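Just one chain follows, in the form predicted alone, and it is written as structure tokens.
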Amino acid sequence: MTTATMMDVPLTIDLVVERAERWNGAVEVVSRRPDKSLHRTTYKVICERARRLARSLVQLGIGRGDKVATLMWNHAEHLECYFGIPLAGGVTHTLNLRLHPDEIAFIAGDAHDRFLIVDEVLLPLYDKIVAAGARFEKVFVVGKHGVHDNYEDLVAGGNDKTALPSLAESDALGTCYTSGTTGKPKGVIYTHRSTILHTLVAALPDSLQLSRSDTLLPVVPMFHVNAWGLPFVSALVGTKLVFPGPHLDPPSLLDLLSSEKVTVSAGVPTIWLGIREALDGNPNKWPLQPGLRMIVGGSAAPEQLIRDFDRLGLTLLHAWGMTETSPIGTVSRLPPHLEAADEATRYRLRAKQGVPTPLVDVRVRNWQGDVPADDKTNGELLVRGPWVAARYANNETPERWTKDGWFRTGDVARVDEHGFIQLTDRVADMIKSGGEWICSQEIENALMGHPAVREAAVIGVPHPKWSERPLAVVVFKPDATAELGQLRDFLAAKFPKFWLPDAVEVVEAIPRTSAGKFKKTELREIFKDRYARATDD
């Protein structure tokens, strides 16, 4: 019998912290404060403070598996919590500040959060969460002292003689809750092992391709699936971090992108739509790094948006993931043999969600089994891998997992001959009209390619004859408009006639979830009677 000879080094967060401190210690971390001033520090300082934070938490009784919640924007102190809480053996629980206070209170209670670390500017929200029933043993404020304990005192209280616990790969490191768009939010708990593996693969060249030569501005909030894991990747490889704080409007982001010479950023399509409009309106105001890479996730980006940024000398990179997948699942990068393909093919592929990252396996399956790679047949996207959840925290909705261990994403997808995955809809958002299925997301992405349309959401609305018919809800660009017939003509070359919306509703803004996705449940309620008396074919 052959015995392995490799060292058994646990894959735990202290490996990231030690490397960041020792080898990337001089790398800068920049944070924009609420007053828009910039705070500059380094990984070395952050890691030293994270250890003191960990020792202080241990002294206060935080033990293995205890949850410490954060209610914070993106900044250096939040990064200290990412490291310090799990170094203490605890679990970092990033609360989504964009949810309703009642939802946040429910999530904090469901997770059994013991302590809370909160930004001073978010104390009014904290008060509403407490009024909704949330209870924490201790509350620490990043900012002025006030009536609560101060975060700086918490960090300073860490005694160097206090021992930190030994960590195991299987220990819980962090937790996030789903957005709750299809039911109450559900908890996903990440381990040290899953986080380290996710971090290593996310940094790879054909994944998110972060390195020491990059400067990253994560627009995606740190409470949204741990900022897609990007802070962990940055610390490991030595990427300079630029945190925007609460200032997420396009001019503020562009000021930082320009002044800090950012080479990589990450956010949802809404962010990039606003950035594109700002750049088109002021083409010479913000000199950006040539080839600035903008990772887009959360929902599909329209092909036209990818084309627009290419025109501006910038690159939009599609990725897909979920809270349940830590979140990176697929990335859309053209393989070398397709770099010379015609322009239409290249853009069509780049607008898809791409292929799974290493160590992630996907399949698209319908009632007949795995769908063929014909770019036509739809099925549900299933996924499994070492950073994919095997269950929810409280064993809720076990039907989301197949008997053979695959996670049912709830996304409708198809596969092309190159293996590229394209999400065509959510199962819950599919429109069934006259017995035929219509993919709403495909129509809205095409609509957003119309020169007059800024944003578009397509929903199924009850119809007395066809069961459901698509309705387009659009936001036009400033000083632009289009009639229903013009929009239908624009779509007619791309879709069957029965897919075309029967009506258009113009709105000033489309309601969104906390993750920036279109809130179609609200739209369906608003426009539920739109076709109540319609009988035309």
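Since the model is a prediction, treat every value here as computed from it, not as a measurement. The first residue of the sequence shown is number 1, and the count goes up from there.
Quick note: we don't show the form predicted in complex with adenosine-5'-diphosphate, though the next part is all about it.
Engineer: Is K517 one of the residues lying within 4.5 Å of adenosine-5'-diphosphate in the model of the complex, judged by heavy atom distances?
Structural biologist: Close contact exists here: in the model of the complex, K517 approaches adenosine-5'-diphosphate to within 4.5 Å, heavy atoms only.
Engineer: Although adenosine-5'-diphosphate is absent from this view, report whether A456 comes within 4.5 Å of it in the model of the complex, heavy atoms only.
Structural biologist: It does not: once adenosine-5'-diphosphate is placed as it appears in the model of the complex, A456 has no heavy atom within 4.5 Å of it.
Engineer: Is F232 part of the interface with adenosine-5'-diphosphate in the model of the complex - any heavy atom within 4.5 Å?
Structural biologist: F232: no contact with adenosine-5'-diphosphate in the model of the complex.
Engineer: If you check in the model of the complex, is R426 within 4.5 Å of adenosine-5'-diphosphate, heavy atoms only?
Structural biologist: Heavy-atom contact with adenosine-5'-diphosphate at 4.5 Å: present for R426.
Engineer: Can you check 200-208, 286-294, 123-131, 418-426 and let me know which stretch has heavy atoms within 4.5 Å of adenosine-5'-diphosphate in the model of the complex?
Structural biologist: Careful reading of the contacts points to 418-426.
Engineer: Let me know the one among T323, N226, T239, T270 whose heavy atoms come within 4.5 Å of adenosine-5'-diphosphate in the model of the complex, would you?
Structural biologist: If I apply the 4.5 Å criterion carefully, the residue I get is T323.
Engineer: With adenosine-5'-diphosphate left out of view, choose which of T195, T263, T178, T175 has a non-hydrogen atom within 4.5 angstroms of it in the model of the complex.
Structural biologist: The option sitting close enough to the partner is T178.
Engineer: Looking at adenosine-5'-diphosphate in the model of the complex, do all three of A300, H318 and D411 come within 4.5 Å of it through at least one heavy atom?
Structural biologist: Yes, because A300, H318 and D411 each have a heavy atom that approaches adenosine-5'-diphosphate to within 4.5 Å in the model of the complex.
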